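Only one chain is shown below, in structure tokens, and it's the form predicted alone.
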Amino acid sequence: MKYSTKFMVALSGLAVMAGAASAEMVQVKGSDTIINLVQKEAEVYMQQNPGVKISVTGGGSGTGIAAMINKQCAIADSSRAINAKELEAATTNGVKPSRIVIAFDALSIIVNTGNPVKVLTKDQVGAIYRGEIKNWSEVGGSDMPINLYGRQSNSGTYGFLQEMVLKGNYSSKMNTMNGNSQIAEAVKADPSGIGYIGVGYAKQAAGVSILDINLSNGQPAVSPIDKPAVMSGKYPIARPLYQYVNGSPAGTVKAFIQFELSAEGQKIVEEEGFYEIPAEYKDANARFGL
């Protein structure tokens, strides 16, 4: 039986559409700190697995966790641990959040390159962001007011710094920005500015200086880009970076996370400026067969 060329083209088009429709889609949402990293991981994974589609979007850790709880995404990226209120909401919705560590971060405090301040203590960072230290002269800098740049409240980084460093409320005068890149650009343009961003962004940011941080005066100050110091626990504002799933990961979700945790995936982590997973978190991931 013979068919017209138009008919054969139509059949070919239908086949392409059917193939596209059958491609599996994994939705990943959440942390803006690791959005570039996870997008890169997804890009490489999809190149190696043409039948899989992975969509990675940001919006903040809180947004991602909420989407996972509401079963609107398979993976929630988060730069902080899930909180009690979110766990309660998950239980109510029949969701069992499981936490996997995919990378390690040294949260970096940045200032304008014209700022002579090179070192702060962890407590000074907290006092600055609480609004108690208002002028750079109070920490060895020039006589000029400190302008604060930070994230919105749905950001995991906002919550992490508040819990681990501020141990109180942010100053009402802090300028809230949409992401790490916006904070870096704002500090670059402001001689009085200070900001906090993930180390993967800090390493790539131009026009800003990365401060060394110590626990208290008299102790050695440590840079967040000193990998051995970070991995040994000497840098005082380091954190794991998470992905949350409902229950134990399975199928394509598990396969993608396994790729992120593989030697190839961890190489991408380092290329994006973050750090590979320390041994203690590898042990924790192992309970899911990862």
Partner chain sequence: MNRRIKEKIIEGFFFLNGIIVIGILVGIFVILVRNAWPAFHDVSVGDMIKWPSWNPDAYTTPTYGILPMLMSTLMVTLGSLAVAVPVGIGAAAYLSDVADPRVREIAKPIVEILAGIPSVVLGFLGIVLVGPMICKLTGRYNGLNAVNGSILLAVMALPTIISLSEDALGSVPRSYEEASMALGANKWQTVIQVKIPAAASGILAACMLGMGRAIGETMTVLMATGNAAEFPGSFLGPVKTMTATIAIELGEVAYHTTHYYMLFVVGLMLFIITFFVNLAADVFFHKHTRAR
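Residue numbers count along the first chain shown, from 1. This structure is a prediction, so every number in the text was calculated from the model and none was measured.
There is another form of this protein, the form predicted in complex with the partner chain, and it is not shown here; the text below is about that form.
Residues placing heavy atoms within 4.5 Å of the partner chain in the predicted bound form fall in a single listed stretch, namely 156-164, out of 117-125, 156-164, 133-141, 201-209.
Residue contact check for Y149: one or more of its heavy atoms lie within 4.5 Å of the partner chain in the predicted bound form.
Contact check for G62: a heavy atom falls within 4.5 Å of the partner chain in the predicted bound form.
The closest non-hydrogen atom of I213 lies beyond 4.5 Å of the partner chain in the predicted bound form.
Using a 4.5 angstroms limit between non-hydrogen atoms, K71 is distant from the partner chain in the predicted bound form.
With the partner omitted here, the residue from N175, Q219, T91, S181 that has a non-hydrogen atom within 4.5 angstroms of the partner chain in the predicted bound form is N175. Residues of 184-203 lying near the partner chain in the predicted bound form, listed in sequence order, are A189, D190, P191, the criterion being any heavy atom within 4.5 Å.
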